[in-house]
Every structure is written in C-alpha cells, then in structure tokens.
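Encoded as structure tokens, the following chain is the form predicted on its own, with no partner shown.
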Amino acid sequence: MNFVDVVFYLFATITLLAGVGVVVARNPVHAALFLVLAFCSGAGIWMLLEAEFLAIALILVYVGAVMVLFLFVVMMLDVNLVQLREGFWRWFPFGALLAGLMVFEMIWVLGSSQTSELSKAVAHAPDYSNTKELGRLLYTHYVYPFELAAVILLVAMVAAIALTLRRRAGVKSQNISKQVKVKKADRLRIVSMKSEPKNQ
C-alpha cells in the first residue's frame, strides 16, 4: 500500500463519518458543518483522481456558496428542534432499507469487471486537460443527460419556490397582474370646478 492509497482511505473514512454525522446530528448547524467536512474530504478524493476542476468547483460552489447560504438560513430562522425530531423512528426502517439498497448497489458496481478495467491508471500527455476532456464529453457524448439534468434542477427550483411561497396578511407587496389590468377610470377621477375670481 503506497502513500496515495493511505490518503484515499483517510479521505474516504472522513467522508463516511461526516455523512453519518449529518444524519445523526441533533443540531442543524452541526449537521451543516458535518456536510461541509464531507464536501472538503470529497474534494480531496477528486484531487487524488487528478480532477482538479471538479475539486475546486466542489469547494467554491458547495462549501463557499450553498452551505454558507444554508447556514445563514438555519441560524436566522427559529427552527423547532423538537418538531424536527418527531417521526425519526417511524421512518427509520425505510431509511435503513434504502441505505442498505444503496450500499448493495455501490458494492455491485465497484465489484464488476467493467469498473475494474476503468480503474486502471492511464498515462496522459503533459498538455492533457481534464477540464477540456470533461467539457468535450458533457457537450458531445452526454449532452442529452446533461440537458435533462438541467431541466430537472430547474423544475425542482421552481417547485421549491412555489412550495415555500406564502401569502401573509398585512404585508404590502406589488401585484404585477393587478397593476397591468388597471384602467384610467379606476385610478383617475376628473372633477369639473368653476373658476374663482382672483382677489384684488
């Protein structure tokens, strides 16, 4: 076992423990910090695979933007922790079954002969760019799955906005459709008045 294998197993262990910490943490802030740790160790694994672009994108996008925003939202909202813990044991068997199914799928995929052939190290030229190769594969061979994933993410974003949009009474806000439908007679009233003589 060489140094790269030791570092890989170290990052993999940290990722697994951080993932368990995300699930079992009672405080949402602690769960978010465990998720940040999992992202950082995942970026380390990407670096070992010589995928520097994916590693820095994971750090900048998820750790630097998404998780910071999530932490701000969690700390600004008054989260009821007792309500969050309700129903944990009721859904535990389903979650354990789903986790076992995912572990079985990972073992099945990693133990197949095709995966072992793909995992062999390939020597690259000095001017090889994995970012360029990733872009070429995404926009040629995998263009339809890439576009489908983009549409699914867009639908998920619109659904999240629609589900969290609440009408609150007493809050003044613009209603664009009502503003467009307004006519002159609804807002303007012309009053005919007699002119008065100017005082001398």
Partner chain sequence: MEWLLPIQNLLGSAWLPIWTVVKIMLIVGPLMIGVAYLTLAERKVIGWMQSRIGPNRVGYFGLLQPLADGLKLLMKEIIIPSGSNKLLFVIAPIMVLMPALAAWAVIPFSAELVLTNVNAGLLYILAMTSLGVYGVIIAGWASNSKYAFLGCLRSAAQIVSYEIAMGFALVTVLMAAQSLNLGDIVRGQHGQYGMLNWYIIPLFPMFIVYLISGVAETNRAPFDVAEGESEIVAGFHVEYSGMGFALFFLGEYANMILIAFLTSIMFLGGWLSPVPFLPDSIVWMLAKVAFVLFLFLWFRATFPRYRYDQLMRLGWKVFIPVTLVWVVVVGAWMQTPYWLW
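Residue numbers count along the first chain shown, from 1. If you superpose the two forms and keep the largest set of C-alpha atoms that fall within 1.5 Å, you have the rigid core. None of the values given here were measured: they were computed from a predicted structure.
Heads up, the form predicted in complex with the partner chain isn't pictured, but that's what we're talking about next.
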May I ask whether 11, 106 and 112 all come within 4.5 angstroms of the partner chain in the predicted complex, judged by heavy atoms? no
With the cut-off set at 4.5 Å between non-hydrogen atoms, does residue 190 touch the partner chain in the predicted complex? no
Please determine whether residue 36 contacts the partner chain in the predicted complex, using a 4.5 Å cut-off between heavy atoms. yes
Partner contact for residue 92 in the predicted complex: the partner chain, 4.5 angstroms, heavy atom: no
State yes or no: in the predicted complex, is some non-hydrogen atom of residue 176 no more than 4.5 angstroms from a non-hydrogen atom of the partner chain? yes
Does anything in 6-31 come within 4.5 Å of the partner chain in the predicted complex by heavy atoms, and if so which residues, in order? 27, 29, 30
Core-superposed comparison between the shown form and the other one, residue 64 Cα displacement 2 Å or beyond: no
So with the core overlaid, does the Cα of residue 30 end up 2 Å or more away between the shown form and the other one? no
Core-aligned CA displacement of residue 50 at least 2 Å between the shown form and the other one: no
